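One chain follows as structure tokens, the form predicted alone.
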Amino acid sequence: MSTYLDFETPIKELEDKIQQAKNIGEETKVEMKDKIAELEKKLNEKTKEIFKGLTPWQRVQMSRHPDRPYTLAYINAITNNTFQEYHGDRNVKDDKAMVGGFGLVKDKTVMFIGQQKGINTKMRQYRNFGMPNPEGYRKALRLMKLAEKFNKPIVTFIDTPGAFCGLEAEERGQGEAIARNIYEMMRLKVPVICIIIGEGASGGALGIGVGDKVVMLENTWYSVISPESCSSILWRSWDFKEKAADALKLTSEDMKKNQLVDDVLKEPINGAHRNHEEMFETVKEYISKSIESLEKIQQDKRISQRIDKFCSMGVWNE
């Protein structure tokens, strides 16, 4: 059963009317094609109207939609289930919030790494709500170095409300683990593509977010802090989260405008959560084309361009 956000209510009402018309047609044998076609036209128009004018806070809600595909769904679809997951950081344990391994994209071996959220309450607890511990980032770095050793491109999927901030995570060096990843990713000799498929929050996202190409799906966000946390710090209340979302300039459109991401991938008209297959195909084609173009660039030049891109962020001349 589909889940609908508050602003999607008109869409749900029209879909219910279409289903009712179909049921009436089946039960009474009355011809309902014209009525159904009229309702479907209204549904298409209303869908375009709603999703064309989403506010920053509504895009944040879209990025968290429970029906939205998560990292493993993208990986399995893109690799046609050739994905071989690897486990453990060879030091502490296997962090279930961070997944990674090799898979095939059009007969080309690629290292996939990403944060994984759960699809139900039990799985969310198992995956720690997509918030990795230090060993998760160290596992990610181990896999990146493995890909570099065998000269295989790397693709990371970012979808996290932030790195886990519990006492045990800090004791095991959460800050150091993220900082080490940022440092090492700058110098990786293989092409690196980072794709924000949901939430891109704080250092938790940056820990696997340094690449030659950093892209966002249309209805995702990328920021140093979530709107709720920003609101609680500035106004001592979550009641101003919508105002905070607008001020943070965290949408894909804002990030592209400020040259903090390289590209924005369009989602299906009604969002990635309503059409998984179309979104999977869009991401797969982007990955394939980007790897092809990046591999044509000389290794030293590619690394230099990556470093220059991140060093120039936040710098301007008057």
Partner chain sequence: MSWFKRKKEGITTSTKEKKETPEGLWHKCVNCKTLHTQQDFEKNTYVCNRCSHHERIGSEEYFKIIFDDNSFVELDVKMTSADPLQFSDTKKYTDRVQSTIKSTGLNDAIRTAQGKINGIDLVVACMDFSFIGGSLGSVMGEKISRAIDQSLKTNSAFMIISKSGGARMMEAGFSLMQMAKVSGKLGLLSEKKIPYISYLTDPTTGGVTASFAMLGDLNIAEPNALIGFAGPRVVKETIGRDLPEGFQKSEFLLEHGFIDYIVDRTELKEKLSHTLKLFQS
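Note that the structure is a prediction, hence the values are computed from the model and not measured. Numbering follows the first chain given and starts at 1.
The same protein also exists as the form predicted in complex with its partner chain; that form is not shown, yet it is the one meant from here on.
A.B. asks: Might Tyr74 be said to contact its partner chain in the predicted complex, defining contact as any heavy atom within 4.5 Å?
C.D. replies: Although its partner chain is absent here, Tyr74 would stay clear of it in the predicted complex, with no heavy atoms inside 4.5 Å.
A.B. asks: Verify the contact flag for Glu318: yes if a non-hydrogen atom of it lies within 4.5 Å of a non-hydrogen atom of its partner chain in the predicted complex, no if not.
C.D. replies: Yes.
A.B. asks: Indicate whether Pro191 is a 4.5 Å heavy atom neighbour of its partner chain in the predicted complex.
C.D. replies: No, no contact at 4.5 Å.
A.B. asks: I'd like to know if Thr55 sits close to its partner chain in the predicted complex, meaning any non-hydrogen atom pair within 4.5 angstroms.
C.D. replies: Close contact is absent here: in the predicted complex, Thr55 is far from its partner chain, nothing within 4.5 Å, heavy atoms only.
A.B. asks: Three residues, Ile11, Val264 and Ile269; all within 4.5 Å of its partner chain in the predicted complex via heavy atoms?
C.D. replies: Checked in the predicted complex: no contact with its partner chain for any of the three.
A.B. asks: Considering non-hydrogen atoms and a 4.5 Å limit, which listed residue (Leu260, Leu43, Ile50, Ile36) is close to its partner chain in the predicted complex?
C.D. replies: None of the others qualify; the residue that does is Leu260.
A.B. asks: Within 4.5 Å of its partner chain in the predicted complex, heavy atoms considered, which of Leu248, Leu104, Val92, Leu146?
C.D. replies: When its partner chain is considered in the predicted complex, the option within 4.5 Å is Leu248.
A.B. asks: Looking at heavy atoms inside 4.5 Å, which stretch does its partner chain contact in the predicted complex, given the options 223-231, 109-117, 76-84, 93-101?
C.D. replies: Only one stretch passes the 4.5 Å heavy-atom test: 223-231.
A.B. asks: Residue by residue through 304-318, which ones have a non-hydrogen atom no more than 4.5 angstroms from its partner chain in the predicted complex?
C.D. replies: In sequence order, Ile307, Phe310, Cys311, Met313, Gly314, Val315, Trp316, Asn317, Glu318 come within 4.5 Å of the partner.
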